[in-house]
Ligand code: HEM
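Only one chain is included here, represented as structure tokens and corresponding to the form predicted alone.
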């Protein structure tokens, strides 16, 4: 009979899992997981205000932000609320899990210093990732050789001679087209409001196409709309109550114009994605995406080929032809053949077209809405135009492009600047190294958001300890505050004017326009400030002057007068309706 020793019995017993063993294992695993969970929770930067509740969730501030932005369509509004809630000119929010917090800066003096003087900040990589579909466009590059190389190619396109001789007449011509379209809609609507959102978008698109291609391109977006409405009889227009908008049919536009029109939405959605590069890769496999960018490549190659022939024949007029001229001069200087087949020419000009049409059309829509909502400002502007351009008024005609170009119109400049002030989007930068802002530590790779619709811009400033500012910020001389006894949310163009006399006039002899009257970040600042600002101002000034000269913008019903916006490349209104009467 086999005997079993006590030692064997004890060994066998030890091999059987006990409740104690399981308990120890569970406690150990739980402790490890809890420790991992605590380690993965948002980690605030010392000394910078934050939302305490956000540090108790792996998702930080993201759920609350997503919930609000999904309703409002505006990240900037949520940012301004966080700054006010934390009552600090600098605060941090946790948007992307397991990443550095995003820094919100609501102090104009410090923002201007970072944007203009501090080289330890540059283009945000998450924005560049979101713009990857734009290819070799200068806007995606950090401020290095590639950025400067592209900017040199397009440096002629914002000169006075190019704008006045090539772009200005195109702006005027496209303005006439959209005014004709407005009048046709006005007559068919019989006193009812109608949407002009696509009309402004298409007009600006047509301007940018002629800016790039000139007369080498014959198709427009506005032309088919005019043609369609010209064939529309009054009996074909469906009417409802006087305050109900009239819906007009929209004519299709050619594929390339549709590609330009849709590209901004692709960029905006990609920038807002959790993983922008992955989304771009996935979309690039989709047929709709391929159609847009295949059409872009096809047309841009055609237009570059036409431009090369014109350049070699000595004819340089269009935007692309000026770019080729710059490349030719650079190649000669460097002792090489010009690379006219480079994708840089196609991508750079396509990016300029996309950015220019989207941002400027949004600006014109906002102006149309404000002038409708503030009839006294509309009347003042109309009177200024009539008195300044008195010859045209006396001759009962519209001003010419040369007349509007040469006219000194400080009040119109102020109207435009005030619209920009209220609708500025958030500017971003990324820290290139460990540094500080307002005395707070900022780690390399941190994203900085300059909140241009919060304290100091659309609400009273939050006090800042000047001793914590950078040396260059303290030394700078600027108007860093508005008169905060007045409501900063109101549309008040006269805050930008300096009176020359004691009267109330708004003509050149009465007032000067001061573009540095107070905080403004609409076009950014420094080496990465908006390249196309002069073109945008010319287009906006001309078309809005045409609109006010020709029409009275009558009150629209509240349901059609919301100031809610969509935020992306620019802030654009969610709706834009006009009710017009001819002057």
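Numbering follows the first chain given and starts at 1. Since this is a predicted model, take the numbers as computed values, not measurements.
Below: the form predicted together with this ligand, not depicted.
- Here the marked residues 147, 352 and 524 all reach this ligand in the model of the complex, each with a heavy atom within 4.5 angstroms.
- Proximity to this ligand in the model of the complex, defined as a heavy atom within 4.5 Å, singles out one entry of 76, 296, 123, 322, which is 123.
- The single contact residue among 369, 109, 138, 346, judged by any heavy atom lying within 4.5 Å of this ligand in the model of the complex, is 138.
- Of the candidate stretches 487-495, 354-362, 470-478, 264-272, only 354-362 has residues whose heavy atoms lie within 4.5 Å of this ligand in the model of the complex.
- Though the partner is left out of this view, residue 517 does not reach within 4.5 Å of this ligand in the model of the complex, counting heavy atoms only.
- Using a 4.5 angstroms limit between non-hydrogen atoms, residue 158 touches this ligand in the model of the complex.
- The closest non-hydrogen atom of residue 42 lies beyond 4.5 Å of this ligand in the model of the complex.
- This ligand in the model of the complex is approached by residue 528, whose closest heavy atom lies within 4.5 angstroms of it.
- Contact residues in stretch 402-425 (any heavy atom within 4.5 Å of this ligand, taken in the model of the complex) are 420, 425.
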